[in-house]
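Quick heads-up: it's one chain on its own, the form predicted on its own, in structure tokens.
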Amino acid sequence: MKAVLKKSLAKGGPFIGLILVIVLFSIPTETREFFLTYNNFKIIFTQTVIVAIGALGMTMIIVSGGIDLSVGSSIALTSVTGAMLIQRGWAPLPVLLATVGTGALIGLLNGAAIAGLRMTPFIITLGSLGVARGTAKWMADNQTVNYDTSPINGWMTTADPFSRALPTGVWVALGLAMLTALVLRNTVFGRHIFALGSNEATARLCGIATTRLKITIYTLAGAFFGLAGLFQLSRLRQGDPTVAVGLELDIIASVIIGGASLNGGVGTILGSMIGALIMAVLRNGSQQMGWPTYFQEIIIGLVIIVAVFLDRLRQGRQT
């Protein structure tokens, strides 16, 4: 009975955290009137899109035992790429493919360096963080890339801001989350990701091509980051090489809050999506409370520390 209770708490932890955060911002008089309205949650869902799509790729990486610190820079680079292509008159579909492809290329290079050179993911992606950010600034000539108009601009908004319809980005994130969850839970590829994160040496002895698998994981995750960059472009309606600084912390925190382990082998897409919602609710509620940006950053940092501490407790109990 005790073991079942612990397992239930472990699985339901992200939901409990989400409810607690919502209750926290529902009580104060400053936020009570507007916070629990549908329009506010529509804003929260829209604000969750970029982090949620990034968290899909990061979940696969962390479950496989890796990490990627270059997400924010990749999003900036891909958004600049998309803006420059729109500026040149490209249609939405080619821009979408090129932007996602750029993200996948960054992921491919990261994965090849990590798997092929057998180097630490932390070091490789820390280096690519600077390379991608610098490339974005170089391509944009260290300024924003503006364009007249594009149908992509409407992917993160609705025609009527007061309607109950959700933006396209929310539905795309939801659909991709369901598809990625199915892949992780019900395919050989998904089982190989968990095996790699649980014990790479054992996975290799079982016949799994770990080098090729790592490259595939980082490439696929990079494609998700590229798509997040496209939605970042849609949200800002311009390519900004300085955008998404520190966004990797929000994305990694979402995955860890959702129950994934930094040691690898543990994690769920549902948990990561709940984690992304928690991050969005924290930021939304903090803004409504009038808390300064630096205070929000302190809260996010403390949430990350607590999430990692709880992960260590879970790992200790399992051993």
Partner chain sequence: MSAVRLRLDGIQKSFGATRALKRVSLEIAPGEVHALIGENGAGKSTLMKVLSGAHRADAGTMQLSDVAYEPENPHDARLKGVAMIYQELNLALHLSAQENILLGAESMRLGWVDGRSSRVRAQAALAQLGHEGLDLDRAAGEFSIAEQQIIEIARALLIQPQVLIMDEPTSSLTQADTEKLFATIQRLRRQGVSVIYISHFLEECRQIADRYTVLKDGETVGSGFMSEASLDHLVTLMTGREVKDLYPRTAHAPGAVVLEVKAAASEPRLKRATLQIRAGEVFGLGGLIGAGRTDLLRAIFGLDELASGEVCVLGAPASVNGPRERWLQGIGFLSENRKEEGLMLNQSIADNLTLTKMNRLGRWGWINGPRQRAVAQRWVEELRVKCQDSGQTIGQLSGGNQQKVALARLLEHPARIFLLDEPTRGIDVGSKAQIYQLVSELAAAGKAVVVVSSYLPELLGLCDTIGVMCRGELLAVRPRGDWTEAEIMRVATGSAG
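Numbering follows the first chain given and starts at 1. Because the structure is predicted, anything quoted here is derived from the model rather than measured.
The same protein also exists as the form predicted together with the partner chain; that form is not shown, yet it is the one meant from here on.
Asks: Answer with one of 98, 139, 195, 243: the residue that has a non-hydrogen atom within 4.5 Å of the partner chain in the predicted complex.
Replies: Only one option qualifies, and that one is 195.
Asks: Using a 4.5 Å heavy atom cut-off, which residue among 186, 87, 157, 144 comes into contact with the partner chain in the predicted complex?
Replies: It is 186 that has a heavy atom within 4.5 Å of the partner.
Asks: With the partner left out of view, is residue 205 within 4.5 angstroms of the partner chain in the predicted complex by any non-hydrogen atom?
Replies: Residue-level check for residue 205: yes, a contact with the partner chain.
Asks: Does residue 93 reach the partner chain in the predicted complex, with heavy atoms at most 4.5 Å apart?
Replies: Looking in the predicted complex, residue contacts with the partner chain do not include residue 93, since no heavy atom lies within 4.5 Å.
Asks: Even though the partner chain is not shown here, does residue 266 get within 4.5 Å of it in the predicted complex, heavy atoms only?
Replies: The answer is yes: residue 266 has a heavy atom within 4.5 Å of the partner chain.
Asks: Can you tell me if residue 199 lies within 4.5 angstroms of the partner chain in the predicted complex, counting non-hydrogen atoms only?
Replies: Judged by the heavy-atom cut-off of 4.5 Å, residue 199 is in contact with the partner chain in the predicted complex.
Asks: Check for me whether the partner chain, as it appears in the predicted complex, comes within 4.5 angstroms of all of 182, 191 and 209 - heavy atoms only.
Replies: Yes, because 182, 191 and 209 each have a heavy atom that approaches the partner chain to within 4.5 Å in the predicted complex.
Asks: Could you tell me which stretch in 166-174, 209-217, 225-233, 129-137 has residues with non-hydrogen atoms within 4.5 Å of the partner chain in the predicted complex?
Replies: Going by heavy atoms within 4.5 Å, the stretch is 209-217.
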